[in-house]
Each structure stands twice: as structure tokens, then as C-alpha cells.
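What follows is a single chain, given as C-alpha cells, in the form predicted alone.
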Amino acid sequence: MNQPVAITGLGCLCGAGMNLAECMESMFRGVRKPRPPFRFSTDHPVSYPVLELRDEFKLPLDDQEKVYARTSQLALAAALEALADAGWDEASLRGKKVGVCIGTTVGCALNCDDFYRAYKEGDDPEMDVIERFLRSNPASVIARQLKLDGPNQTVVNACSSGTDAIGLGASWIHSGACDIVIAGGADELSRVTYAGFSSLMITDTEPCKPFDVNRKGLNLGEGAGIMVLESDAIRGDRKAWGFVRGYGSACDAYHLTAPRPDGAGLKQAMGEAFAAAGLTPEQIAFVNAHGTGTPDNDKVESGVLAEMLPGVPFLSTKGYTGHTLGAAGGIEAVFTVESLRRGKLPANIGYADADPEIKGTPVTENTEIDGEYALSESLAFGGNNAVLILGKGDD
């Protein structure tokens, strides 16, 4: 990557809080509130806890639910928070080369059971839901609302989508294609997702327990995590909250859903990220792990961390947010930058009993850290692995 890319704004909303400050406060207090889904229902005999947004949010749009799908609303809400944090608004962005790169998975699908059901039964359902879907490409929504005409891309790469979007956005800064990039991930929780993961039998009937011997699977969540990236020419002497130092991506080429047992793809992605950053594993202060709470993921991931980053503290924040799928990489990258800024990590909630097959122990209490760099990683269905190395901001 040659040069670090400045991160000047951060925005997040998810099951842990309605903005970044609320998220960090609840994580440091060890608070999480998984519960049965309340925005939809199913006839599944088991009710799996999820982490939906605690409160409803209002965007500066008229009749917002009819305008854009929920994923795009989440993306826009987090983008507006990040832009405000960076000191930008629609007027001040005018004339700048501003790109938008957003990762999602659920947001790329037409999640409207009522429409499907009516069509299947021979009715003639209204097409407004289709029109809303066609308007709701998350990256395009942000660009349209803020009148941005730079590069625009929605990344759909399973659970690494948000991480990949930030890595791609940083490359736009490096290439000179953009002065500013709004990058991250967003995903809503839907009945289709909930039923799909239930059928895979990798969801826990209790609050999830990443890396614990009694882990039984994940809890689903929803939300968005967005950051504002800027070139040095645009930033000038304005403060940066952090820096994108390196990015790597590699595929296991092994299985549709399971990680490769030897973690070769994750190791390759890590190696690429370190090479891009010009850093060594000894310089990493902590790792924000993918940590889904599923048996295979946690075993493989912890093995790679023990080999590549022995002794480096690690945690999963999914115990607080649930697995937000395409949003996870964006949310976790935002948390990583903010933790570096604060010099403090929240505990890996849900961990109580060690698993002899897990190499290493996640942080079990709020932990002070002293270092300049951290690693945030995503392991996705399809075997994709994406890694970001993030640096501490200006003193």
C-alpha cells in the first residue's frame, strides 16, 4: 500500500448501540441483549436469539420505509454519522472526488415474503416493493442522497464484504481515483436470513460464546459500520482517528461454508496485509477476530492466530453485536480503530470455559493496550478471508 490512508470519521449502529459512542459504552459495561426477533416471526419450533437494533432510527427522508430498503437505511445512517465525525456535509463535499464502497450480503437480496407469497398464490401484487429494491443498492443510496459522483461499488462477498469494501476503498485513495471514500458494511436482519441460518444448524439457542468450549453457534445481528477515508492532500493538518495500513484477501478454495482446517487462506491474507503495511506480527497490539462462536470457525481461527501472532491479545465483538454478516467487517473495523484510540479493549463476552482445542485465551475483561497497530479479520462462506491492519491515529 506504500502509504497509510487516513481515517477521519467513524459511524456505527447495531445491536450494541444506536451510534458509536453507545456501542463502546455498552461493550465496556459488558451489556448485551439478545432476544427473539421482534420485527418478524416464523413458525420454527426453536426461537433463536438475535441482536436487532434496540431502537428505531429516523433518517432525514420522507416516508423512509417506502423509499429505501432497511439495509440501505442502516448504511446511510452510519455514513451520516461518520461524515459528521469527519466534519463533512453535503455542501462541503461538492467538487471533491468522493467514492462510496459498501459491503453487504442480505442487502443484495429481495427480502419480501409477502410479495413472493402473493405471486405464488396467483395474485397480482403491487410492484412498489420491487421498485424499492431496485432503488436500494446501498452504495448508490449514499451517493444519491449526498449527490456524489465518484466511484461507486457495492461489494457482495459473504461475511467478508465490509472488510473487503474498506480495503478496496483505500486502494481508490492510493490510486488517486478519490480524494475521499465512504467505506464499510451494512446488513439488515430478515426472516430469510434467520430461517437460512437455522437450517444450517449453526445458531445458538442462548447468547453466543465465541471461543468457549460450550459454544454452539452464532447469534445473528444487524447494523452498519462506516468510515471516512481521506487522501493526505484533502486532510491537510486535520486530525485522523486512525489509518488503514494494510489489506489482504485470499480464498481457501476448500468448501462452500466450512473454513479450511489448516487456515491456509487466512494465513495468506494476513501475509498480504503485513506486506502491504510494511509491518511485522510483533508490532500488532491486538486482533479483532471473526469469532462467530461456531465450532469450526473458532478452532481454525485460533490456530492461525496462535501460529502467526502468538501471545497477541484477541477478542470477538460478535457477542455484543451478533453476526451482522456483510456489515461485520465494517463494524469491527470501526471498533478496532476506536479501541486503538482509547487504548482499551472490551472483554470477549460469553467466554467462561477453555476449550483444549482452542489455542490461546481471548481477553476476558476490559483490557488496557499499548500499541500502534491492530488487525481486524473476516472469514466468509465460500472460503474468503479478508484482513485489515489498522493504525492508531494522530497524537
Partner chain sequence: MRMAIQSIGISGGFGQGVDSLQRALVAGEVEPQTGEVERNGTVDSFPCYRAAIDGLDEFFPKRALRRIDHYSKMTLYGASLALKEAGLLEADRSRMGVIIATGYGALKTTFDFLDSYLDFGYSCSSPTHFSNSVHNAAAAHVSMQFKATAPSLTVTQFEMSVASALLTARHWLAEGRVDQVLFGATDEYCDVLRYCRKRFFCDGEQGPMAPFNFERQSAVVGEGAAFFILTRDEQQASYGYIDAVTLGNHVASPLELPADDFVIAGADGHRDCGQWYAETIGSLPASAYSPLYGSFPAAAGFDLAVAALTLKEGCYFTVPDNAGSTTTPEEAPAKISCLKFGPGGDYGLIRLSR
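Since we're looking at a predicted model, the values are computed, not measured. Positions refer to the first chain, counted from 1.
Keep in mind that the form predicted in complex with its partner chain is not shown, yet the notes after this line are about it.
Look at 277 to 285, 115 to 123, 235 to 243, 67 to 75: in the predicted bound form, residues with non-hydrogen atoms within 4.5 angstroms of its partner chain sit in 115 to 123. By the 4.5 Å heavy atom rule, the three marked residues I130, V192 and G196 all count as contacting its partner chain in the predicted bound form. At a distance threshold of 4.5 angstroms between non-hydrogen atoms, E272 is in contact with its partner chain in the predicted bound form. Taking non-hydrogen atoms only, P151 approaches its partner chain to within 4.5 angstroms in the predicted bound form.
In the predicted bound form, its partner chain sits within 4.5 Å of a heavy atom of W172. For the chain shown alone, G248 is a contact residue for its partner chain in the predicted bound form, at least one non-hydrogen atom being within 4.5 angstroms. Note on contacts: among T294, N111, S302, T317, the single residue with a heavy atom within 4.5 Å of its partner chain in the predicted bound form is N111. Only one of A289, A79, C208, A139 comes within 4.5 Å of its partner chain in the predicted bound form through a heavy atom, and that residue is A139.
Contacts between stretch 17 to 52 and its partner chain, counted in the predicted bound form as any heavy atom lying within 4.5 Å, involve S41, T42, D43, H44, P45, listed in sequence order.
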